[in-house]
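Just one chain is shown here, as structure tokens, and it is the form predicted alone.
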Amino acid sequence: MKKRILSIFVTLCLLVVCLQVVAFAAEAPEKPNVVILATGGTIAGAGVSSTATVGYTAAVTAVDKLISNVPELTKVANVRGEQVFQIASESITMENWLTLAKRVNQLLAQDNVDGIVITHGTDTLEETAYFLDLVVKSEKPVVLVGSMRPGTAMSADGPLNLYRAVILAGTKEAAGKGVMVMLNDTIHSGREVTKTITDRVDTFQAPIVGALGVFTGDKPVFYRQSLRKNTVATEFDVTNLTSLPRVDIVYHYAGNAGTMIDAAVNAGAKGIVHAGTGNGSIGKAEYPAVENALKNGVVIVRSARVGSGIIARNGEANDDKFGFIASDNLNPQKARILLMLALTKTTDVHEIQQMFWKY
């Protein structure tokens, strides 16, 4: 009799334990599935000493090592990594962009992927972010992350940046906000962010408009959203593209006689972004080269070298007369990206101008 009572007691205890485990599992939040796509950059770099924050070698650490170096990632998401390519970002190509964009779209179409983090060098991070902002076809979070110091530095910023980027990519509130950039606890729109300082961890800023949000502890907090159309709301589709039209940037300076405009035309440019002085000014001596470019069917966008601000249409040049396009507040490198994609759809300057107002 005692044995039977003991057996029943043990069985009841096991049942209680099992019910508690089931209840805990039901209450525990399901972790998001985040894919980390690695492309190289300083975040994957290594220096010769712990104090080497310049003169290091970029793009030497593989994605699996990046992930294992931050074991805390497993607490906030189910993560897996892919090495898309491994280069310093100043050497990125348009073919790299197309490869990356297609892989991002493939992954985001899968039900078991909730968000994507892309590790990237900071030199062209803003360009890749804006390109993806225009061609990704999902509202799921896509976050670009990098670092200003290599992983071997005693004050490396990469591990914490990566950790917070994974949290952001797995956050439901981050969906529908376009492609984002996360460094230094600050969340930026891929369209609006730019690198402003050569060597500081707070280098990424969004002039005039500001950040989307910030991290407070391990929680992303949003304060605004970009109103320009992005991702699923754009007309751009790279699915069947293997290349992009050539667009060059020509920098204006005192005494510029248009030589670089002629060189771009002779090299086969389909479009030119003119990084003008002030509000996108074009020097008088440049106009013969400009008119030759226009006669050859080259589309010209006026932007500015000053770093921020809106280009006023028909302000510093007669845009209507010459058929120029005003870049709105896009800096030259981002205006180039939009012009490349626009030229895959049309060469009509009126339609392209509308794209610059829209995106």
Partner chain sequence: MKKNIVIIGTGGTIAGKASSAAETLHYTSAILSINSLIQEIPEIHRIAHVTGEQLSQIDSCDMTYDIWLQLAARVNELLASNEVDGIVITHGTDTLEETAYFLNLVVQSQKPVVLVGAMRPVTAMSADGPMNLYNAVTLAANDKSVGKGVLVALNDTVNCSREVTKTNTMLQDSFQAPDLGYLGYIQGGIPYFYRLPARRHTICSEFDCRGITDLPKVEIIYGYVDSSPIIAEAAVKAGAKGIVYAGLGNGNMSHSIREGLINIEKQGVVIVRSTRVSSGIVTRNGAVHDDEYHFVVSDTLSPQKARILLMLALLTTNDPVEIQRMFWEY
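Note that the coordinates shown come from a computational prediction; the quantities given were computed from them, not determined experimentally. Positions refer to the first chain, counted from 1.
Below, we refer to the form predicted together with the partner chain, which is not included among the displayed structures.
Among Trp97, Phe236, Tyr163, Phe215, the residue placing a heavy atom within 4.5 Å of the partner chain in the predicted complex is Trp97.
Site annotation in the predicted complex: the residue of Gln110, Ser91, Gln225, Gln83 reaching within 4.5 Å of the partner chain with a heavy atom is Ser91. Remark: Asp133 does not count among the residues lining the partner chain in the predicted complex, judged by a heavy atom distance of 4.5 Å or less. By the criterion of a heavy atom within 4.5 Å, Lys284 is counted among the residues contacting the partner chain in the predicted complex. Contact annotation for Gly47: none of its heavy atoms lies within 4.5 Å of the partner chain in the predicted complex. Contact annotation for Ile311: at least one heavy atom lies within 4.5 Å of the partner chain in the predicted complex. Residues with any non-hydrogen atom within 4.5 angstroms of the partner chain in the predicted complex fall in just one of 133-141, 83-91, 111-119, 98-106: 83-91. Using a 4.5 angstroms heavy atom cutoff to the partner chain in the predicted complex, all of Asp123, Val247 and Asn279 count as contacting. Residues Arg246, Val247, Asp248, Ile249, Tyr251, His252, Tyr253, Ala254, Gly255, Thr259, Met260, Ala263, Ala264 are the ones in 244-264 with at least one heavy atom within 4.5 Å of the partner chain in the predicted complex, listed in sequence order.
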